[in-house]
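What follows is one chain in structure tokens, specifically the form predicted alone.
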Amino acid sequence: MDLTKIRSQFQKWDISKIEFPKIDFSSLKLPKAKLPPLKIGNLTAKIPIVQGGMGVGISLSGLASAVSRAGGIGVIAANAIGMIEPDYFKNGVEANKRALRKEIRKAKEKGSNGVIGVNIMVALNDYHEMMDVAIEEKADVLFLGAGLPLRGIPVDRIRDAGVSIVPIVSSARAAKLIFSYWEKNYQTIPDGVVVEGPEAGGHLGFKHEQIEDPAFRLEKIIPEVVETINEIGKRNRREIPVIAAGGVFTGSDIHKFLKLGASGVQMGTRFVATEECDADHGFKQNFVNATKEDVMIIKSPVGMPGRAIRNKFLSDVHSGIKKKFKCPWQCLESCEADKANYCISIALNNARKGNMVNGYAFAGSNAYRVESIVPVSELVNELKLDYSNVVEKSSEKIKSEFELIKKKLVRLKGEYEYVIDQALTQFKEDYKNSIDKKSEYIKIEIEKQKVKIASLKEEFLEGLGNLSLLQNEFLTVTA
């Protein structure tokens, strides 16, 4: 037996150099479940909630600033906003521009530096004028719906003003069309996209037969849009948020759509029944009093289906009773007020003022679930709590597995350190004391311990990998 060779091999294996994978066990914990922020362009809202723009005059500076203060994105609706001015029937365009300018300034002043957006309908005849005002006043975000924002967009002015652009669509096809057009003609793309499903309030971007069709549910549309937008985002090296809208009512709904790939949600109906909503108390109470049967689909004078709360006004026009009105101005080319027997802007403005006899309220499919009128801050806290509760329930199993693996890693660490610090040290002493008699036996035992150490290390690293997977799974659940 070549003892010199055995001694040399043993000395090369320096036990002191064997290191256990370093890990801070106190840092092995899951994050708290809370609503994530929403990033749009260079803006960041503290919570992923966009308050839907609601006209006529339902979401003005009062509601928008309150939502902004609560951490979401408050939105002023520009359509027929001039109706809050005394001269709207004399000069509708100028009244609209003046009112929008005032409301943006008031919202920014009261919004505590939160995010303020403006919703502008592409179908409006004064669409470009309203967009100019929003750009001049440096609204944080422009939400462009009721049409495709393609031609005539002052992109350079928008970018210079630091304004983000978010079109509102109802399909992946429409989103692709808009983004591809912008890529080709403006050499840039919008900063996000709102996807509005058939359960939204107001005018719907769907045919009547599609509204109840499962193939057009928001849960089906969102993943399709996310896939389309992610491809476009990669091509442009940008992350483009997709915002789910239409029928979003609870924190549980928010969680559902974030899991489907959306970055945020848009909510309108929930914010109507808030103290800060700019409509009359009677308008808000209409939501509290509504039953499920009261929420109905109507044919709007603008030629599209819409969702509203049933009342005598709608029953009258449906039965053919003509409501006397004088068209202020042709605010929409597609408007067929004469055929519909009423002016929609006047009707909605009457409702805003609490005159439900001569108007009606647009509302989402869940309007009947509204139980009371609350402050915006209380509503947002309710949504946060509901979201957290859903996440906690969804993550209980993950948290349990996580803790079991942590305990296993602690045990492995102890066993690993014992083998190195105790067993192998003893073998080394035995080797020194009786090398002539036991050298071959000790060499075999040392090799066994080396194999055991390698096995322990492999098991430990596998545990770390599983822990990392669970952390990622938890983050997906809490997204």
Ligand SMILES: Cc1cc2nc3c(=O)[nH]c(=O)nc-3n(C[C@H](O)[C@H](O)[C@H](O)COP(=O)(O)O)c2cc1C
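Computed from a predicted structure; not experimentally measured. Just count from 1 along the sequence shown to find any residue number.
There is another form of this protein, the form predicted in complex with the named molecule, and it is not shown here; the text below is about that form.
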Original post:
Counting only non-hydrogen atoms and a 4.5 angstroms cut-off, does residue 362 reach the named molecule in the predicted bound form?
Top reply: yes
**OP:** Would you check, heavy atoms only and a 4.5 Å threshold, whether residue 54 touches the named molecule in the predicted bound form?
**Re:** yes
Original post:
So in the predicted bound form, does any heavy atom of residue 199 sit within 4.5 Å of the named molecule?
Top reply: yes
Subject >> 4.5 Å heavy atom contact, residue 190 and the named molecule in the predicted bound form >> reply: no
Subject >> Interface segment, criterion being heavy atoms within 4.5 Å of the named molecule in the predicted bound form, picked from 118 to 126, 209 to 217, 131 to 139, 232 to 240 >> reply: 118 to 126
Original post:
Of 205, 114, 301, 247, which one comes within 4.5 Å of the named molecule in the predicted bound form, counting heavy atoms only?
Top reply: 247
**OP:** Report the residue, out of 170, 345, 269, 286, that has at least one non-hydrogen atom within 4.5 angstroms of the named molecule in the predicted bound form.
**Re:** 269
